[in-house]
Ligand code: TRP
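Below, in structure tokens: the form predicted alone, a single chain.
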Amino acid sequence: MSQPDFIMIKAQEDGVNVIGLTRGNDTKFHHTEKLDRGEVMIAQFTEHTSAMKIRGKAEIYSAHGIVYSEGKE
């Protein structure tokens, strides 16, 4: 059995939003979390979660490498 993909998000500022999006015909928001500077969240893609939106300045770690999102200027 294969393990579902996951990502780690480390907030670089207060108020980083992590938004889970549903799978299926209609993509909808189904879960949100707010992280403050230094907080880390580990999120997993599941049968319900097909995508995630990260809003704010954060480091995002995955099997594909590290991506840095930008905060509001």
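Just so it is clear, the model here is predicted, and its values are computed rather than measured. One rule holds for the numbers: they count along the sequence shown, beginning at 1.
What follows is about the form predicted together with the ligand, which we do not show.
Taking the partner from the other structure, the ligand in the model of the complex has no heavy atom within 4.5 Å of any heavy atom of residue 12. Though the partner is left out of this view, residue 20 does reach within 4.5 Å of the ligand in the model of the complex, counting heavy atoms only. The ligand in the model of the complex comes within 4.5 Å of no heavy atom belonging to residue 35. Taking non-hydrogen atoms only, residue 46 approaches the ligand to within 4.5 angstroms in the model of the complex. For the marked spot (40, 57 and 67), a heavy atom within 4.5 Å of the ligand in the model of the complex is absent from each of the three residues.
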